[in-house]
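Have a look below at one chain only, the form predicted alone, in structure tokens format.
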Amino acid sequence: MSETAGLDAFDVGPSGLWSELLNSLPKRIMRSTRLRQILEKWPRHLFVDQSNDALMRLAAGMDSPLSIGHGQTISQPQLVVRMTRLLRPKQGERVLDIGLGSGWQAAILQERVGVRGKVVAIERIAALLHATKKRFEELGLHNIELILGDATNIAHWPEGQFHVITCAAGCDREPDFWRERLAEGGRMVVPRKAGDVKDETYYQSDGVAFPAEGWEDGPMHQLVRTIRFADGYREEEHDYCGFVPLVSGAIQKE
């Protein structure tokens, strides 16, 4: 597309809703001028179904997740910013995006790694993958390789190691082979389950259970960053969040 896909028409341009949202994000997570520029170039409304009405596209300018069908969502903007910062993608790096969805995170990552880098994305739902492939073609995003597959199955992974691995689905624990495919110095961010939903949701800290207000409608996850070093791995626990579940096994074909 030669234009920024109707920014002015949907009031999410530099003076509109999207810019206001970016301005409202906590400064501690929006310290990067470059990331701000990327988010302005690729506003979230470009990655929702363009056949939907204007209200849906305007809703993409709000700081909340949105349904993209098939039981999946496009993530909350603040969460995407937080995950991108934790991933620290750099020019020339190789990236694996698990759970392509609408493609917004993949687009942001390809902008960070540049033409010398490469983004590979795995998606298990064929309808989503095909719709996103068409969207990428319309947006001129050509440096993203798409794979229809089950990310929990190593046979579906491309060969080689990655500097960055990110997952847009929550799990109890990611497969061990994921971190083994990190290059030395590589970073992986995965939402791990941090609490169970019963009458209330709880998370554990030093063996003590705490109620988590606002998480009654689903499991709570925590962003866990794994960094690979020459002599092993380091794990860091970061923000609490909520994600759709990581599904293994069946690939949903059209």
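Just so we're on the same page, rigid core means the largest C-alpha set that superposes within 1.5 Å between forms. We number the residues from 1 along the sequence you see. If you're wondering where the values come from, they're calculated on a predicted model, not measured in any experiment.
Keep in mind the form predicted in complex with a small molecule is missing from the figure; the text below concerns it.
Among I144, C171, I74, V81, the residue placing a heavy atom within 4.5 Å of the small molecule in the predicted bound form is I74. From the list 85-93, 145-153, 180-188, 111-119, the contact stretch for the small molecule in the predicted bound form under a 4.5 Å heavy atom rule is 145-153. In the predicted bound form, the small molecule stays beyond 4.5 Å of every heavy atom belonging to I165. The small molecule is not shown here, and in the predicted bound form it never comes within 4.5 Å of any heavy atom of A131.
The small molecule is not shown here, and in the predicted bound form it never comes within 4.5 Å of any heavy atom of C241.
Superposed on the core, the two forms barely differ at F136: its CA moves less than 2 Å between this form and the one not shown.
Once you line up the core between this form and the one not shown, the Cα of W178 stays within less than 2 Å of where it was.
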